[in-house]
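This document opens with one chain alone, in structure tokens, the form predicted on its own.
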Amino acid sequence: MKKILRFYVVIFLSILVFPATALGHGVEIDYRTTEAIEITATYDTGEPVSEGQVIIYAPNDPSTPWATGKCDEKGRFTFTLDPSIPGTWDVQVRKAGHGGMIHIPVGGDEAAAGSTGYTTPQIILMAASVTWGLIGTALFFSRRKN
């Protein structure tokens, strides 16, 4: 009986003196909150543009791709824009000769106004062109016939 008691005392003291460390693998997970944008690209038939090439252009350099990627099998692509670059971001999706582009306003006045992607000079030029076309059409139909 004394041997058993001595055995338990030794075990108890060794646990107190030499604490065991866990030998298992731990997982550390960090997170951060971001404002992500998800696009979904589909053909006119409704079929997703799976594996479509995605090219993102920043407003401060519209000729150089800011980021590239690929859509998943459902035509979706998720990304996070740099909020320190306000303006209209262009996102292009292409696959096998088919494609399209959308304009995403971020920050600044364009986002607040819900911009259509056209600048003010472009809108003025389009309005002047439509007005000139209406005047030309009216003059054509009001001319005297010989």
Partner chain sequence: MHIPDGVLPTSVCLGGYAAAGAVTWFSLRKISQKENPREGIPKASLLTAAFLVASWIHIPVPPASVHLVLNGLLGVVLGYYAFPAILIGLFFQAVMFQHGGLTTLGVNATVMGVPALLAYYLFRLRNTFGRGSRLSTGLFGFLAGAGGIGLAAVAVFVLLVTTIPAHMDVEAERASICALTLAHIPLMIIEGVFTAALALFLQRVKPELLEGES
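Positions refer to the first chain, counted from 1. The shown structure was predicted, so the numbers you read here are calculated from the model rather than taken from an experiment.
Not pictured, yet referred to below: the form predicted in complex with its partner chain.
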* Give a yes or no for Q92: in the predicted complex, does one of its heavy atoms lie within 4.5 Å of a heavy atom belonging to its partner chain? => yes
* If you check in the predicted complex, is T68 within 4.5 Å of its partner chain, heavy atoms only? -> yes
* **4.5 angstroms heavy atom contact with its partner chain in the predicted complex for T88** => no
* Quick one: does D82 come within 4.5 Å of its partner chain in the predicted complex, counting heavy atoms only? -> no
* To do: May I ask you to list the residues of 118-132 that have any heavy atom within 4.5 angstroms of its partner chain in the predicted complex, in sequence order?
  => Y118, I123, M126, A127, V130, T131
* Are L125 and A58 closer or farther apart at the Cα level in the predicted complex than shown, by 3 Å or more? -> farther
* Structure fact -> Distance flag for I85 and I123 (Cα, change 3 Å or more) in the predicted complex: the two residues are farther
